[in-house]
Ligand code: PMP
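Coming up is one lone chain in structure tokens, specifically the form predicted alone.
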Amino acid sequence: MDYSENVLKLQPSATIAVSTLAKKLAAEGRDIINLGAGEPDFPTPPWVSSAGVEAIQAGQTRYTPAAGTPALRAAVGEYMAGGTAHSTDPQRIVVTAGAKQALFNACFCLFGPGDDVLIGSPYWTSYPEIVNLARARPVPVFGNEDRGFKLSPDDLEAAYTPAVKGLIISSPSNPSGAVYTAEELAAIADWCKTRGVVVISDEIYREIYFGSEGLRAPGLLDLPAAGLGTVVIVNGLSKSFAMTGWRIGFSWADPDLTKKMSALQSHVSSNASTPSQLAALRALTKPDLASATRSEMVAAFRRRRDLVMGLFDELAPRCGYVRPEGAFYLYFRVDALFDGTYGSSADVCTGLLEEVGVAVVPGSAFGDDRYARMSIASSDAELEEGVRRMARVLGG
């Protein structure tokens, strides 16, 4: 069958593929520890879930405006820009079916054939695929490994050509857990403004930050308005409220661009799920409950991070890693194992799954074959058992 050029180069999500395989093997009776999933292991808070249930029971199951209900757009505007120098205007907000759709909306509206889009690397697996769907060209750019691969203006300048129209970054990063400081973000924003490059900043893990307790990781909207050119900020509730399956994301952008993204969405998917929007509204309008929920989750993720780092230091010292300052992953090197048995990160991850029953994601999915990514969104006991199993393959 002949397919459209729109999808000829499209690859399925490697992270979803690993998780699906792990679940299949477990269903077949294999003793599998799945450390490939990119979602919190906590349930959605009951005080949030109940709002969705109440919405369904009250018959609030009809269409909403494509960009979201007015009340939710207003709440998202306050959540993203409240307390900053930037506008909280709901006309800057589009509520989407997960943050992934917000990224797609932005790329499809901003980029096209002949455009290059720089992508901070290692990258989340969907970034280059979404850029490809827009018929633009993804250009991976790596920062210094000693800085957790964070980009500097010098890195961007070295990759710049007149074809570059955009930059996609994430902080905290999936897969590395690296977090940009406000000063680092300001330097990147200044370079992009000078070069006329649009910044798409994926801040979906912003609440899962291991810096000062109770604070979010620095974001672009923490910077002065005069320091920003054209930006799109992407966020959502999947990670910070354990609402992955509810599919609620959102974007903050210039109102004119927001109109374009809303119009696109009206033809692609219409509105995000109506009951999910009602649950999201409650999540964003109960700050005391939200703070307590996030504090509990972040404390657990910080404890698990420290546990896993200690185990790697003890049991697999040749597998160096990026120290995660946010998100819930450990991005560790596996290239010390490349020999006659293992020739790639995919080979190592296949070996881990087949030999010791642990599922992790190969670094090739994130643009760097030297690494692999494991999730720490599992219980302490499962993480310890998983790392001890992996150490039989990874060695000392």
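Note that the coordinates shown come from a computational prediction; the quantities given were computed from them, not determined experimentally. For every residue, the number given is its place in the sequence shown, counted from 1.
There is also a form predicted in complex with the ligand; it is not shown, and the following applies to it.
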Next on the checklist: Each of 176, 304 and 371 having a non-hydrogen atom within 4.5 Å of the ligand in the model of the complex: is that the case here?
Outcome noted: no
Checklist entry - Taking the ligand in the model of the complex as the reference, which of 293, 238, 262, 277 has a non-hydrogen atom within 4.5 Å? => result 238
Item to check | Contact residue in the model of the complex, from 108, 312, 127, 209 (heavy atom within 4.5 Å of the ligand) | outcome: 127
Checklist entry - Taking the partner as it appears in the model of the complex, which of 178-186, 108-116, 154-162, 197-205 has residues with heavy atoms within 4.5 Å of the ligand? => result 197-205
Checklist entry - Quick one: is residue 86 in contact with the ligand in the model of the complex, heavy atoms, 4.5 Å cut-off? => result no
Checklist entry - Using 4.5 Å between non-hydrogen atoms, is residue 138 touching the ligand in the model of the complex? => result no
Item to check | Exercise: residue 100 in contact with the ligand in the model of the complex, heavy atom 4.5 Å | outcome: yes
Checklist entry - Within a 4.5 Å heavy atom cut-off, is residue 247 in contact with the ligand in the model of the complex? => result yes
Checklist outcome for this item: Contact check, 323-356 vs the ligand in the model of the complex, heavy atom within 4.5 Å, ordered by sequence, gives 329
